[in-house]
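First comes one chain, alone, set out as structure tokens in the form predicted on its own.
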Amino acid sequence: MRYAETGFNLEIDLSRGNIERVESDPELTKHYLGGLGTNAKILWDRVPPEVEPFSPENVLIFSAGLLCGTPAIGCNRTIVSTISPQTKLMAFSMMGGFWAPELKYAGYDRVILRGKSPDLVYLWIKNDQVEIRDASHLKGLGATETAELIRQELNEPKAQVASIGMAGENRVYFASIEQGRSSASRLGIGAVMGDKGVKAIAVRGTKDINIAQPAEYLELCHEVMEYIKWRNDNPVPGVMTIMQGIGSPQEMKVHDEKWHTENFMWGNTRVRRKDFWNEEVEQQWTKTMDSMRTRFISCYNCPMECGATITPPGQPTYMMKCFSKLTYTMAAFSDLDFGLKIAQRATEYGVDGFSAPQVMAFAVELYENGILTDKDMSGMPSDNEGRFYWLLDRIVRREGIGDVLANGTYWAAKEIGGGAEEYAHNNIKKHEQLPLKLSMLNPIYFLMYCTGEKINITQIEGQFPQAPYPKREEREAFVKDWFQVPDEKFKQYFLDWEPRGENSNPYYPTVRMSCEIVDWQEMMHYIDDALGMCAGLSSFPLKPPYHIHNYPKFITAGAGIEMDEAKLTKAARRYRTLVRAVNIRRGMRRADEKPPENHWKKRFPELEKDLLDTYYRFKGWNNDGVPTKETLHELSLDYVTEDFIKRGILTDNDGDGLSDETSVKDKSK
């Protein structure tokens, strides 16, 4: 008997219209856990590096995490994986809501799409009944509108629907997949779904999921719930409001946006407005938020209410969460009223709420500097807000200049030329990033930016505080109940971290400490993405209810796989390394691993080189960022070694390629 997982995948060949229910190998679960882990193995096995994102041979995988659908609180993530049209690397984006548990209840752990449908279709999954249905009547409709019409057509009000809007149909490189209370937004997975001719996937399930040790599992869930209640009553002091609790950052409940609006950059990620926030702005924005926010909402089996339904006057209701509350506002130098209104249209179109505003601001800046002309922007309104609506409409339709901008700032700048590449300054691995610009280089964030395969900083950072507390007694109070750390040494790292002086950025935390902190934070994200856990209850916030000490117990009691901390750490390393191997095989190397040149005002080239050298060595990679034969063998990834040798990425005579020299800036020794 399979526990936690169903043991079956749904394989759909869209070119042939063929549907298969395929039993999965339980050994894969033991090695890769599920979710992102097994997705990486499927992509490695089925999608050679020669395959382009819009090729029929590319696959699009909707995977429920291993523990999705069980009583584990907040475990509801769908991990969507493919090859990104934006980066040409592996894309994996997570969405919450109810879709993944519903898929489990229908009897499947994942849906694997290959090929291309000759006509626009949607998939209908109801337990053992699976159909490919005509979607020609849904062409051009919004994502939320599509979901509602499908539910009505099927007469299934409880069906969970993941759908794309016009952006996905037209293969916009930053198109999202929208799903009720969440979306899978980053790296253009909606474009791949549109390229395959799939408008939506609707699912309804009524089956059960087996738990290996039900009594023990429910007791673990009870402990988590009690801790959540305690944390909600005991916010972490000394940090910004949105970081004091747990769950995804509580942007929908926060009115004070002084920190974001004065520390993040406006427009095309260039202008900091240090004195923007005042009493008048606060009153206006509070009124706007309170008038448009209709209610707080949660994802499946979660009490946190991180999102909210937003109803702008005269417009349909939509769901919003996290920093997308501000992205359009700050890109256009406008106000929250504009931001919440244009976000409704953008959600229906199905675009990434981080990339789309930056692409539009990029276009406006090019126009204001004469690189784009009136000929390029013919018909664009003169008012600032009108420009953004106009640009959004043309991008999702791929009309005129919108056809170029739809590929994102990196590719658009190359096509536009005339100096446009200087303005595409906020990219990492060809992908638009958060508009955060700081003063002094932060070694931890430098490593996360450079080496993260997720290519999105908000999906990397986590349980270690973002900045030191001013006073040592405050730091001492913080570490007293910090039991989530994987090793007691992390407490000392934080205790000794000071805002200024010798033990401050950029040389503290030391190079070695920074490597260890980044590795811990990354590991927790990768565990979440295999199990299907919301990062807001584990890898992202300070002092979360899920951590390295109780996760093995959940896997043992829930999935029946004997697990301890060492085994879980190794499993996470295995599929994290496999994700990197997929990208290495597709051409990613050290030269690609650098943050935007202007992300920090004060840079330290020697230190940055040392950080990357040491982190590569720490992870078991060679000096070009390629996992060594020794590392691959240790993680039972010898098949990767064989492939790398055949392709000349590694050679039979390669040693580990690493230097034994100690880090010149590491003061921890």
Partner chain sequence: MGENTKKTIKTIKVDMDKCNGCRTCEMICSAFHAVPKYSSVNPARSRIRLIRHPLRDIYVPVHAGEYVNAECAGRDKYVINGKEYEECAFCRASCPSREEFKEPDSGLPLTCDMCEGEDEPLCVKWCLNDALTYEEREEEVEEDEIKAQTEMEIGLEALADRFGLEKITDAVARMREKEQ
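No experiment lies behind these values; they were computed from the predicted model shown. Positions refer to the first chain, counted from 1.
Separately, the form predicted in complex with its partner chain exists; it is not shown, and the next lines address it.
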Can you pick the one in Phe490, Phe264, Tyr423, Tyr318 that has a heavy atom within 4.5 Å of its partner chain in the predicted bound form? Tyr318
Pick from Leu141, Cys221, Met448, Ile112: which residue has any heavy atom within 4.5 angstroms of its partner chain in the predicted bound form? Cys221
Given that its partner chain is not shown alongside this chain, does Gly34 nevertheless sit within 4.5 Å of it in the predicted bound form, heavy atom to heavy atom? no
Any non-hydrogen atom of Glu102 within 4.5 angstroms of its partner chain in the predicted bound form: yes
Using a 4.5 Å heavy atom cut-off, state whether Ile297 contacts its partner chain in the predicted bound form. yes
Could you confirm whether Arg589 comes within 4.5 Å of its partner chain in the predicted bound form, counting heavy atoms only? no
Interface stretch in the predicted bound form with its partner chain - options 576 to 584, 233 to 241, 435 to 443, 289 to 297, non-hydrogen atom within 4.5 Å: 289 to 297
Which of the residues spanning 70 to 99 lie within 4.5 Å of its partner chain in the predicted bound form, based on heavy atoms? Thr70, Pro71, Ile73, Phe98
